[in-house]
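We begin with a single chain expressed as structure tokens, specifically the form predicted alone.
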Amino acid sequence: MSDDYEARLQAWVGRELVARRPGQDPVNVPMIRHWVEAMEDANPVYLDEDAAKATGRDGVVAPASMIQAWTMRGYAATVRPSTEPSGFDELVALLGEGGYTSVVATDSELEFERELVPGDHVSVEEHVESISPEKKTGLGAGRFVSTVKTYRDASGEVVATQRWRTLRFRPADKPAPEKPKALRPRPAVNPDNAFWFEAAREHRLVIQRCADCKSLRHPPGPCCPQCGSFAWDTVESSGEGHVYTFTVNHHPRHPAFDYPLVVAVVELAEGTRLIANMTGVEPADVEVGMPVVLDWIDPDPDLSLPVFRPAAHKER
């Protein structure tokens, strides 16, 4: 950082960050009740007059930890903030100029001068106490900015102070994590075709065969379309065949696939046909009648699928 930038930052030390701002409402019992119920704080001095007086107090008091709650801007001011830039906005812009665009709170120290009671109207103002030189942290290079919030009652007497420290840091460059590839859509496995997918997991391409008339069929089914028999077994395909027809998919796109995607109807040497992807070939080079051989892909640990690639001359 240049000396000029450092001087501009340090010029903020001691300056007003937030002008004195009164809370929207005075200290009141309903808000105290909401707070202690949310915090599950059963101390009776917050809601029970008799219990409070028994401790020497004049009546109920507000929990000390509520000090910030009495000066919060409220919902409307949060969603529709003032268009007038504050000292806080100016300091954040200056820190952003140095690349300190991220923030994390580090600690808060509170000192209480007296307890607040119903009817107290609290205001808050904030000043910059210190801005550290640039430090190296696990989050990145940054500066610790310490401010002091002073809480006063309606007469201007200090009721509490809060030293608030944040780290404004320059995020360390991190390589973007590689996005895991989406899983392929799951096949619809049922009792009639489960045997086929189980064989595929072993990288075996099987074809269902009627046990009576010996005709082959695919896709698998419970009954032979030739003779009506429900008895069947399987034969293992040689994995050789040719492209019967094909299409090249461009849209719609699914994140599990690489495009353009060649989807072919392959006629196996055994005579049955199945739909599978083509691999090892450019879409423009695929032809009807092209000799192909079986290959396998394992998109994820639970799925193995047959694909086909062009057959080399010796494989033909």
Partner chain sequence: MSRAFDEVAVGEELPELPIPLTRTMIVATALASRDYQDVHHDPALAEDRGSKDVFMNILTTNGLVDRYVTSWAGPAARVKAIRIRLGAPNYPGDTMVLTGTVSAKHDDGHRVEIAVRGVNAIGPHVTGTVVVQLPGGAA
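The structure presented is a predicted model; accordingly, all values stated were derived computationally and were not measured. Positions refer to the first chain, counted from 1.
Below: the form predicted together with the partner chain, not depicted.
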### Sole residue of 210, 200, 110, 91 within 4.5 Å of the partner chain in the predicted bound form, by heavy atom
110
### Query
Considering 244, 195, 164, 232, which brings a non-hydrogen atom within 4.5 Å of the partner chain in the predicted bound form?
164
### Task
Could you confirm whether residue 38 comes within 4.5 Å of the partner chain in the predicted bound form, counting heavy atoms only?
yes
### Task
Would you check, heavy atoms only and a 4.5 Å threshold, whether residue 74 touches the partner chain in the predicted bound form?
yes
### Message
When the contact criterion is heavy atoms within 4.5 Å, does residue 102 count as touching the partner chain in the predicted bound form?
### Response
yes
### Message
Whether residue 82 contacts the partner chain in the predicted bound form should be assessed with a 4.5 Å heavy atom distance threshold; does it?
### Response
no
### Query
Are all three residues 24, 43 and 106 in contact with the partner chain in the predicted bound form, where contact means a non-hydrogen atom within 4.5 Å?
yes
### Summary
Only one of 59-67, 248-256, 285-293, 261-269 has residues with a heavy atom within 4.5 Å of the partner chain in the predicted bound form, and that stretch is 59-67
